[in-house]
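Take a look at this single chain in structure tokens; it is the form predicted on its own.
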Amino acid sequence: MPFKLLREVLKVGEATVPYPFVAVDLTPGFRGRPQHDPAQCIACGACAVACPPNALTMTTNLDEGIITWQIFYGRCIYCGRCEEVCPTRAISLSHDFELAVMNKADLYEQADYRLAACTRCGVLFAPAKELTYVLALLEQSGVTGDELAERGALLAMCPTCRRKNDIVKLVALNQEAV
């Protein structure tokens, strides 16, 4: 009986790969380390909101006028939510899965983005790349001319100044109606 089992095992052959001496064949849907492209990123924060283990964070430094995108690979569960929600495809899952490091600091990756200042009050309020992206989307959707310029001017204002602008317009409309 034991010889039958041994004969069957020898007939089947090896079931494992002699990793790490031989490269591992990865399946097409393999989810490895998230790769971030700072040139594509608009710092919208969608990835940080969607990240279940909070491996992705966004921190704002108003003194320096920057917003910092950061990922800690030691916390990442490679779920792919960040890739799914990124509107500009700045995050993609690679086939890299070997993340052993000697120093914990090597598991962090970060990128800084400039914040835009309000054209009325000067308060820093949003990533400049995000505002440029929204304006490009408006133009791509067919908004042109004066309407595009008006919406661009509104985009360049902080939420507080936008509300004040809306109130001024409402008051003016009410005075015209009377």
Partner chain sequence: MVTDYKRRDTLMGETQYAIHMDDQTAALKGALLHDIRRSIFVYRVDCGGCNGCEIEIFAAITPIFDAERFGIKVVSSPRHADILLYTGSMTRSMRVPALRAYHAAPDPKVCVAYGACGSSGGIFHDLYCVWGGADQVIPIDAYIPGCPPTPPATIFGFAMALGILSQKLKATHHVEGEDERVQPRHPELPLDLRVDVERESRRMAGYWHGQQIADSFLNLLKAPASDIERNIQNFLAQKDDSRLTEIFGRLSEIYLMRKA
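Just so we're clear, the structure is a prediction, and the values are computed from it rather than from any experiment. Numbering follows the first chain given and starts at 1. Throughout, rigid core stands for the largest set of C-alpha atoms superposing within 1.5 Å between the two forms.
What follows is about the form predicted together with the partner chain, which we do not show.
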property: Residue 152, heavy atom within 4.5 angstroms of the partner chain in the model of the complex; result: no
property: is_contact(residue 136, the partner chain) in the model of the complex, heavy atom dist at most 4.5 Å; result: yes
property: Residue contact check: residue 39 to the partner chain in the model of the complex, 4.5 Å heavy atom; result: yes
property: The partner chain contact at residue 110 in the model of the complex, heavy atom, 4.5 Å; result: yes
property: Sequence-ordered list of residues in 121-149 near the partner chain in the model of the complex, where near means a heavy atom within 4.5 Å; result: 129, 132, 133, 136, 137, 140, 141
property: Shift of residue 14 between the shown form and the other one at or above 2 Å (CA, core fit); result: yes
property: Displaced residue check between the shown form and the other one: residue 23, CA, 2 Å or over, core reference; result: yes
